[in-house]
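Here you get one chain, nothing else, as structure tokens; it is the form predicted on its own.
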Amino acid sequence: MKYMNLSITEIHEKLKNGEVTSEELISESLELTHIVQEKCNAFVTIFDDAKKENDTDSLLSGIPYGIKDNYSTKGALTTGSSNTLRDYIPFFDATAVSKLSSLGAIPVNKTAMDEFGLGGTGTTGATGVQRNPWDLTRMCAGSSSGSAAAVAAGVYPYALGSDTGDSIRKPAAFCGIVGYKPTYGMISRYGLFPFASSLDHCGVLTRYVRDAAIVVDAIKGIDEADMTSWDSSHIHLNDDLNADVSGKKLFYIKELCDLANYQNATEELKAHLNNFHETLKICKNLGMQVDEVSIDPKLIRAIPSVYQVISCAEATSNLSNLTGLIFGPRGEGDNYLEMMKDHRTKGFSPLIKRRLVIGSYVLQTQNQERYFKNAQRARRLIVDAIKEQFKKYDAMVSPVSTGPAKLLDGSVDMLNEDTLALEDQLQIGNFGGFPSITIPNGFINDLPVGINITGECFEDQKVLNIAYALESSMDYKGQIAPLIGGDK
């Protein structure tokens, strides 16, 4: 029996009943780790000496999990999948990691990612490309690509991820699993490598909505080391998970979800939007009201550009400490300027360098008003438009991406202008700090696709309950990719 295929609660019960030991779970997870590494290249570091450190009453005690490589791990290599930190070993744990350790959870690997999270394909990290366990010729999306691949392949029931634009939720959709980004600040970001601080969220990838609730319950909470964190002690996501959503009101954006808006729609996009509208029928059968609403098309089309300007600007600032002088491999040169230039030129991937150039440009004094400040204004208008809808509706629903995972062959970090807003619309959740979850809702050409539920800030319970009810009404939960014997 493969115990790692089970849910957290199922594994916990088998540990309690003595059917399996933590040591056996670790052994199974590590064996699967090496198989998935060979096929998907999903990991930066594998902890072959992983062992149980302490035993607690927590549901997570004794159960293996994965940590995205931008979470600081004391005494363990933490690179952000970048050559600029290829030998960096922190002296402290990220708050989320520390909380899991205190509960007896057992990390067995650090998962690969797009370099510092600045990519959406899983192809830009220093250790190479992450491949989708449903089809090795396809991408996982990013940046939480390794975490998504590992959970989808059954290496363990959950892994930590981070989400700045859609970096948990889109990989979850492409890999047929659950990806949950809570309200901004619900989980402390202390020890998470910063990408764009006003957009960054910690979160989790699982195969069940309940598992996502369990993990976030364990790692959420106010943290004096993160001034953006807030007291969520009154929120009990797992205990209050409820599939009774009768009377809830959902909306979707016409400008994104109406096929008539896409003149050159591919067959995959047509199938995906049709699948989305079929899922909306399930929502109605559950007693929820579902309405189509219009949002100013100018705001919808602005989403990708706003994200690029703000995220690149903040990344330029946050990554300015990577000089090769304080930590990381030293660059070569006759003075510190030459050493910094050499270090950053050789250490960063082309995508990172391109985004840092954009960030530097929009932050220049003569450009700030036209680009950076205008992007901030547009962000506020987009958020206000969505919050206006949240006064009338409990959540927004949307398809994730334009279909299933894209082919790796010839892929670049560029998108079709005709569908750019649909590809990037999950960034709305980061603009507003909204709780947002992606769950599987079917297959297209034997590849999984996802649906997203996003709600008002601090209403995580409502968002999870809607996702839980929808998950309970469909067959697409707990699925394991066929890579190592799974079956949809």
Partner chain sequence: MGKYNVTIGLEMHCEVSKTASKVFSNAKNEYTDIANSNISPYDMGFPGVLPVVNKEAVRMSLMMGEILNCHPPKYMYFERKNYYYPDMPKNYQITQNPPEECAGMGGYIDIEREDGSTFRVDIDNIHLEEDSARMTHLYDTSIIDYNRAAVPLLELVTGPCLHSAEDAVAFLEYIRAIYQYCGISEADSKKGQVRCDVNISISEDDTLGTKVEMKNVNSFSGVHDAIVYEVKRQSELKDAGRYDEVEQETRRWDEETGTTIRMRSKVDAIDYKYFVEPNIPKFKITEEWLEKIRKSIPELPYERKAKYMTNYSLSAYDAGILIKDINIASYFENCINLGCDPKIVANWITGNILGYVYKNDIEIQNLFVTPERLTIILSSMAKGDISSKQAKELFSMVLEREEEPKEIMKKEGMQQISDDTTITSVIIEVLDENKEQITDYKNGKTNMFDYFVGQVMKKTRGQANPVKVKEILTNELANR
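Numbering follows the first chain given and starts at 1. Just so you know, these numbers come straight off a predicted model, no measurement behind them.
Absent from the display: the form predicted together with its partner chain. The rest refers to it.
Participant: Heavy atoms within 4.5 Å of its partner chain in the predicted complex: does I326 have any?
Facilitator: I326: contacts its partner chain in the predicted complex.
Participant: Consider M340 of the chain shown here, and say whether it contacts its partner chain in the predicted complex, taking contact as heavy atoms within 4.5 Å.
Facilitator: Contact with its partner chain, yes.
Participant: Do G104 and its partner chain come within 4.5 Å of each other in the predicted complex, heavy atoms counted?
Facilitator: Result no; G104 lies far from its partner chain in the predicted complex.
Participant: With a 4.5 Å heavy atom cut-off, would you call D217 a contact of its partner chain in the predicted complex?
Facilitator: Because no heavy atom of D217 falls inside 4.5 Å of its partner chain in the predicted complex, the answer is no.
Participant: Under a 4.5 angstroms heavy atom criterion, identify the one residue in D226, D258, D291, D296 near its partner chain in the predicted complex.
Facilitator: When its partner chain is considered in the predicted complex, the option within 4.5 Å is D226.
Participant: Looking at Q368, Q389, S305, N416 here, can you tell me which has any non-hydrogen atom within 4.5 angstroms of its partner chain in the predicted complex?
Facilitator: It is Q368.
Participant: Counting any heavy atom within 4.5 Å as contact, can you tell me which stretch out of 169 to 177, 191 to 199, 156 to 164, 282 to 290 lines its partner chain in the predicted complex?
Facilitator: Result of the contact check: 191 to 199.
Participant: Can you tell me which bits of 85 to 104 touch its partner chain in the predicted complex, meaning any heavy atom within 4.5 Å?
Facilitator: Residues within 4.5 Å: L85, Y88, F91, F92.
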